[in-house]
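Given as structure tokens, the chain that follows is alone and in the form predicted alone.
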Amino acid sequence: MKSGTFPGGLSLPVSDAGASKPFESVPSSQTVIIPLKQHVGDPCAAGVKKGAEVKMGDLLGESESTAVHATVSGKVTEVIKKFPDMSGGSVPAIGIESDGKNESGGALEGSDPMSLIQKAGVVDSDVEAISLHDKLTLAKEKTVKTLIVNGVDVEPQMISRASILAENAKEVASGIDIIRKILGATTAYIGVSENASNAISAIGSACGSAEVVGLAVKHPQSLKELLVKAILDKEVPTGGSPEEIGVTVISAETAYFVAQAVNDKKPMLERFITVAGSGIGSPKNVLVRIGTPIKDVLGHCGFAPGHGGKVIIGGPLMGTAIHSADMPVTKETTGIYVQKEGEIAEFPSGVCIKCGLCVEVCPMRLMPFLISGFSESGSYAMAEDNDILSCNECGCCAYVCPVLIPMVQWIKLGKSEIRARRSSE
């Protein structure tokens, strides 16, 4: 079996990346809020009105590239114009009161795989959720011939991707074959953490047409630029995409939902996630319906929000803390991490001591202390000149900083200011 890695990054202790945690289904909630934008790009246009009766799988909104669907049966209670999202902005959303029956609507219509992927609302589930229809369209335009399937978990405490490969290898393998046919890809690789033995065995047996690559257990190995480097030893252009060098990267769960859409004519209604952290005790893999309030997921895992601590969407290094556990699970939710109150770090007014540790671990070969310092001082043009927009916000720099400078937060601020300035121009 081929193996690989990338320069830099962090080798951190992991829980169990060997996929020993089976998925538990979280019961449906009484009320769900389903945003009409759960991907990069414009929101879907609402296709229902207040008071409408819906069943599971019924279309709520659609765009040219994706769609969103009801995940419970019941009545539409509100069509929300501005619902807060994870980025600090707002998106339109649909509120549904469940009738508890969980009745399903009709199957998706059609036979063309690309059309079914769009109608099913499949997104490529990663740090940034991208409409899979758009991603495959770009890959076809660029004549991509190499497919990489990302089976590496997003953060060290997350174990859902390894579990998907172990539990649902046949479905993932079918999705891979469908995507290869769409693209006409001649080569396919499946990147898996080298210690995820159950996942490697299962997907290797189920998908003989793709080569399994065991990757070093290192953060942030799951990011697409680093997967391309580790598996193919190719560099993705700065600010560019893998498609520009003839490669596309699709997550393992995306392949699963492709198989569900094309083979079973089912829309994407659920999300595979790991719930972990000191507030949870033992990590759990859960299958959650989109629109389920975070508090209901945490309740299923034995944690009651509001008793101190911090709830983070994502993981401890790359995630974003939320102000309210009433926010719903979406297609963009990669995991949930809960910190106990005593573990929450207080950031002092630390002064950079120029130790160079952040430079040593940066997988993008940047100078984090420099670009975060420029951002902190408001020197955004200088930060841009030093490639702040190339930062993938993996959190390695902040993790090793001996004076606890919140570099990722300063870098995020700088990037948002630069993009806002560009938009105004």
Partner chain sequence: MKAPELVVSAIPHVHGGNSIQKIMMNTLIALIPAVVIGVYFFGMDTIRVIVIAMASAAAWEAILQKMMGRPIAVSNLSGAVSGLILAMLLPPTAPWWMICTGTFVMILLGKEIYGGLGNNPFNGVLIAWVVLQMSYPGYMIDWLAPPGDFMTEATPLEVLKYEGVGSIAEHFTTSGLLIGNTTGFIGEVSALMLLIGGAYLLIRKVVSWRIPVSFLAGVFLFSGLFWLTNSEEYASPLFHLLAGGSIMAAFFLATDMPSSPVTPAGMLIYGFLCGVLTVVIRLWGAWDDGAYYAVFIISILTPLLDKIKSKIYGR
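Residue numbers count along the first chain shown, from 1. Keep in mind the model is a prediction, meaning the values are calculated, not measured.
Not pictured, yet referred to below: the form predicted together with the partner chain.
Candidate site formed by 149, 194 and 253: none of these residues places a non-hydrogen atom within 4.5 angstroms of the partner chain in the predicted complex. Comparing 309-317, 182-190, 123-131, 162-170 against the partner chain in the predicted complex, the single stretch with non-hydrogen atoms within 4.5 angstroms of it is 309-317. When the partner chain is considered in the predicted complex, residue 337 lines it closely, a heavy atom lying within 4.5 Å.
Interface membership of residue 214, defined by any non-hydrogen atom within 4.5 Å of the partner chain in the predicted complex, is ruled out. Interface residue remark: residue 326 is counted as part of the site for the partner chain in the predicted complex, having a heavy atom within 4.5 Å. Interface residue remark: residue 107 is not counted as part of the site for the partner chain in the predicted complex, having no heavy atom within 4.5 Å.
For the residues 364, 26, 36, 54, the 4.5 Å heavy atom test against the partner chain in the predicted complex is passed only by 364. Comment: the partner chain is not present in this chain, but in the predicted complex one of 225, 270, 243, 296 has a heavy atom within 4.5 Å of it, namely 225.
Residues are counted as partner-facing when one of their heavy atoms sits within 4.5 Å of the partner chain in the predicted complex; in 370-392 these are 370, 386, 387, 390, in sequence order.
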